[in-house]
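This text opens with one protein chain seen in two forms, each one given by itself as structure tokens under the names structure 1 and structure 2.
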Structure 1
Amino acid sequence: MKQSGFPYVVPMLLLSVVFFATPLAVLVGFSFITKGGVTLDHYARFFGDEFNFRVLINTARLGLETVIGTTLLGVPIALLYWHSGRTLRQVIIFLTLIPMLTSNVVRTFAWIVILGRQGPISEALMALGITGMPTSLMFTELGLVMAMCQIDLPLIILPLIAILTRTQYSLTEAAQVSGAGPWRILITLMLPLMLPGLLAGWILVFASTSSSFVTQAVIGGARNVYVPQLIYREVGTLFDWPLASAIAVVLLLSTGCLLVALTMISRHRRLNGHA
């Protein structure tokens, strides 16, 4: 008689209800509560302020820029892993996982040195003659995107490697025999094969970048305001918990909409080899 696996799932369900569903329900409840009862005023205040709407757009743009950057870096690394032997594969996995074992705060503060006036980027720009004086990328969106790409790069490399390890190398050999060049193999064969891994990586990178308060605050500075900093200001400075809850729900729904859209795309028949 086949035994049900439900009892083994119960502890995980209890932990999810206590530590995820309940706090989330409290957060959503706070966003609708006022002294007079239930209201949508907090959401109206958020969307009625042009500054808040601009912050939301800036956060989405930062997430998309980081997704593009990590994709451009992650795809070649994943393909190198796929084409490599055992030793180089172990090195790539080691270099990918090591940053994840380091605190996000430590990696963020390391980028202060890299992006500062005396950092290697500034020295390289002067050595190449691009700039005539020390240049700092701190408190700029370019510097923030560079830092976020390095921090979130493992989140896109690992899904791609998982997809490629299940892909037969003979597919590219067959394409070469048929006369396809390297770029045609990449665009028409490899990228469609890697698309499920890319979609999973995009979701992880976008969600991580959009909610990375420490890196946004330290590298981006006070001039570049994103949604997590806006929530912190409402809670820590203005003590407006209902508005902060409404902003958090908006951020959660924005990421959730992207998650649903990409999940629906990943389940398309053509992406699952049923074309």
Structure 2
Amino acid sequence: MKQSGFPYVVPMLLLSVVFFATPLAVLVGFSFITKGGVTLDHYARFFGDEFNFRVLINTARLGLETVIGTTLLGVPIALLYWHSGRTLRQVIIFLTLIPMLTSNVVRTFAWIVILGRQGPISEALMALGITGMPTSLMFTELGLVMAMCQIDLPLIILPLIAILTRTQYSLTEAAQVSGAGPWRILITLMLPLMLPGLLAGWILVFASTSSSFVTQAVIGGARNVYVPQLIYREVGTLFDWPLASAIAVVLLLSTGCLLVALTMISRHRRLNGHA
């Protein structure tokens, strides 16, 4: 006789409902309530303030730039993996896992050193004669995007590698025998093949960028403010919890919409090939 699995699932299900779903529902409710009753006031305050609105746009742009950056860096690494033998493949996986499992704060700290006035980029620019004096990329969006791309890169490499591991090498050989050049194989065969992995990676990168509090706060600095710091400021120093909730709901909705859209695209039958 077969046992039912449901009793095993109950504890975690309860945990999710009571400690995860309920707080989020309360948060959403909190953002609509004042003493008098239901209101859209907190949202009006958020969108009515030009500064807040610019922060939201900045956050979306940062996410998009990081997605583009990680794609441009991740695809070559995936191709290198594809053309490598067994040992080198393991080395690439290992080199991807090290930064991914290293603390975010540590990686952010490394970027402070790299982007700073006394860092390697500044020294290199001076040595090449491009700039006459030490320059710092700290507190600039360019510096932040450079750091975010490195920090999120593993999130896009791993799904790509997962797909390429399952793919038969004979596929490209067939294309080669049929007379296709390497670039044509890349564009018409490899990139479409990698697309589901790219979509999975984009979801992870965007979700990670939009809540990477420390990196944004430290490298972005006071001039470049993003949604997570805005929420924290409202909670920690201004004690405006309803407004913080409203901002959090906006962040949740905007990332949520993007996630749903990308998930739906990746579930699309044509992308899964023979599925």
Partner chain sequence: MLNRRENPVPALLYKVFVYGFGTLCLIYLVAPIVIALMMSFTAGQTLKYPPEGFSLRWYEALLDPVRSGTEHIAAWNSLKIAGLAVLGSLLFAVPASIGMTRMKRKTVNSIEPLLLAPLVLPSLVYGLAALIVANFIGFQPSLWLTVTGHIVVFGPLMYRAASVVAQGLNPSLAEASTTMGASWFMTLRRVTLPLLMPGILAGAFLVFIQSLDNVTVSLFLADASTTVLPLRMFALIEESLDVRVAAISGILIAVTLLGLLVARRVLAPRPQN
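Rigid core: the largest C-alpha set superposing within 1.5 Å between the two forms. Residue 1 is the first residue of structure 1, and the numbers go on in sequence order from there. In this text the structure is predicted, and so the values were computed from the model without any measurement.
One chain, two forms displayed separately, with the form predicted on its own being the first of them, structure 1.
The Cα shift for C257 between the two structures, taken after rigid core superposition, is smaller than 2 angstroms. Here the rigid core is superposed, and V10 then shows its C-alpha moved by 2.3 angstrom between the two structures.
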